[in-house]
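Below you'll find only one chain, the form predicted on its own, shown as structure tokens.
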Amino acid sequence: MEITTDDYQVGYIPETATFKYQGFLRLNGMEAYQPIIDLMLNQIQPHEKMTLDLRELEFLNSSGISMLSMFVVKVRQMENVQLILLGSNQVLWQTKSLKNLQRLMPSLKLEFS
């Protein structure tokens, strides 16, 4: 399962329950992000560890950050899903914004490399 355009790629690796993001995500408004959030929500399974690998996502606009926030809240409501975010110390938006997602879900594991 994958969404690919000239600017970005979002793919799901079922064997590891990992979403991998690459490129520049700068869609206009939350409606434009709906296919991505639908892809993510359809893969949430209770009693599972889920990883969002954002290390190769170089840009994410405010609507995209809102999309991630909505996803984190949905996962938090399920209670039995462990969420891990992988970020890069080399990407400025990640060092600033991903920590805010941890405020929405204190059990969220945040790893930077």
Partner chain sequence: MMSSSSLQVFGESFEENQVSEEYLTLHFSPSSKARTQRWKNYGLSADFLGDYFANFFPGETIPGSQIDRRETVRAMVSYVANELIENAMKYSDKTVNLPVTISLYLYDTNVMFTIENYIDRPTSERYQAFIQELLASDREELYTRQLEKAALGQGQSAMGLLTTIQDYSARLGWKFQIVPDQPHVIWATTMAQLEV
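Positions refer to the first chain, counted from 1. What you see is a predicted model; the values in this text were computed from it and never measured.
We do not show the form predicted in complex with its partner chain, though everything after this point is about it.
The closest non-hydrogen atom of Val73 lies within 4.5 Å of its partner chain in the model of the complex.
In the model of the complex, at least one heavy atom of Val91 sits within 4.5 Å of its partner chain. A residue is said to contact a partner when one of its heavy atoms sits within 4.5 Å of a partner heavy atom; Thr18 fails this definition for its partner chain in the model of the complex, lying far away.
Although the partner is absent here, Glu111 sits far enough away that none of its heavy atoms falls within 4.5 Å of its partner chain in the model of the complex. Put simply, of Gln34, Ser62, Asn42, Asn80 only one has a heavy atom within 4.5 Å of its partner chain in the model of the complex, and it is Ser62. Highlighted residues Phe24, Leu27 and Thr95: every one comes within 4.5 Å of its partner chain in the model of the complex, counting any heavy atom.
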